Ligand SMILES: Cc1cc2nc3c(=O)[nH]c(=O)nc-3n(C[C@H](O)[C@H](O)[C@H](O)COP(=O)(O)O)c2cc1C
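The chain that follows stands alone, in the form predicted alone, written as structure tokens.
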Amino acid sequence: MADLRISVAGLDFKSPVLPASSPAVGTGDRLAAVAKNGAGGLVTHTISLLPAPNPPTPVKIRGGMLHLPTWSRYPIGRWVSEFLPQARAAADIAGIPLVVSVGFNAEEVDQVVPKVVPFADGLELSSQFLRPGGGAMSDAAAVIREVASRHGNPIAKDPTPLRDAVQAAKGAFSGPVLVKLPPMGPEIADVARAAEAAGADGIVATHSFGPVMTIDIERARPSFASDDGHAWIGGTAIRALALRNVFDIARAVGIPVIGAGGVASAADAVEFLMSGASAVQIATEASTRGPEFYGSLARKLDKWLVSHDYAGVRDVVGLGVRNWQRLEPHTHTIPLIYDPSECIGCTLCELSCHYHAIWMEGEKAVFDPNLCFGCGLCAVRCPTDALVMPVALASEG
């Protein structure tokens, strides 16, 4: 067996497989079920000063789930009196940390954090509903409408509300504070640096992505029943975006990163770990497959690590970041290497080549390197090792 244990900002998780803040961890009994079924730690649904209103019904689409992001619909009083004591007991029985997700602006954090401190090993500060100008929310529905109409995130231009919220959390809690960021462009590295400078002990990336839209072609209308048909998407469709965010953050800061967004398999988890994450959070896949998914994924991750001769999770964290500088940019023609003995006559290379550099003669492919531009499409589609790119990494030097 591989060693799945990982420490993130002083929190010792049994495995890097964690829940993400979502309705799937929105009550005490749900959190207890997640702990019982093998998650490496617990993360609650986000608690804020006011409960969230009911959002439109989620819509499952190819690659994920359409939804409107919100926080917990239960009042903070019920969390403190019922859900958090249940979660604390379940975490203690399982021997795992409990991270309490809170939001959003500093004024809300000031009032929420002192109430949850007795139960928390760590805090996760959600930035999804941070509002410019500060102040506590007085109308939860209006806040959701305002954020849902955004194109881009204001903290990318002005991280002051994020800084203030981090400092409020740090002032009220002596344990680690993780900051959860929404998906962004390259500016996410600067936002992560701002969070680190404000005192954050770790970064979680990312939330769901939006706004997006799909059309229900049978009813000829938007699939999601929001005011304008816009929605946010979580699930495998956003994994490549989330991975790039994690990769950019890991290269920018000295604090640990937790990856979230589209983890559905052990291979997905490994991608996040190699991109610089120390752990992963899952919401969409667990919401559709149940709390058993966490333990199942941890076991599959164990098998993957053993099969690839890694002693534990720590051996793969950041490998992709460390190997990044060894990449050989593909900026000039590099003809592929062709081994006819490996050719099985599938014809995929001939179908894929736009330059007529490879074609079938009988049951074998014939390759002319003088016509090859080295685009690599044939090698990507080749089911054997008949076609390979000659240079993937620069020499160690």
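Bear in mind the structure is a predicted one, so any value in this text is a computation, not a measurement. Position 1 is the first residue in the sequence shown; the rest follow in order.
Omitted here: the form predicted together with the ligand. The next part is about that form.
(request) Evaluate Ser126 for contact with the ligand in the predicted bound form, applying a 4.5 angstroms cut-off between non-hydrogen atoms, and reply yes or no. (result) It does: once the ligand is placed as it appears in the predicted bound form, Ser126 has a heavy atom within 4.5 Å of it.
(message) Just checking whether Ala283 would be counted as a contact of the ligand in the predicted bound form - the rule being heavy atoms within 4.5 angstroms.
(response) Ala283: yes, in contact with the ligand in the predicted bound form.
(request) Answer yes if any heavy atom of Met65 is within 4.5 Å of a heavy atom of the ligand in the predicted bound form; otherwise answer no. (result) Result yes; Met65 sits at the interface with the ligand in the predicted bound form.
(request) Using the partner position in the predicted bound form, report whether Ala260 sits within 4.5 Å of the ligand, counting heavy atoms only. (result) Ala260: contacts the ligand in the predicted bound form.
(message) Based on heavy atom distances of 4.5 Å or less, which listed stretch (153-161, 307-315, 231-239, 79-87) is in contact with the ligand in the predicted bound form?
(response) Stretch 231-239 is the one.
(request) Just give me the residues of 204-230, first to last, that have a heavy atom within 4.5 Å of the ligand in the predicted bound form. (result) In sequence order, Thr206, His207, Ser208 come within 4.5 Å of the partner.
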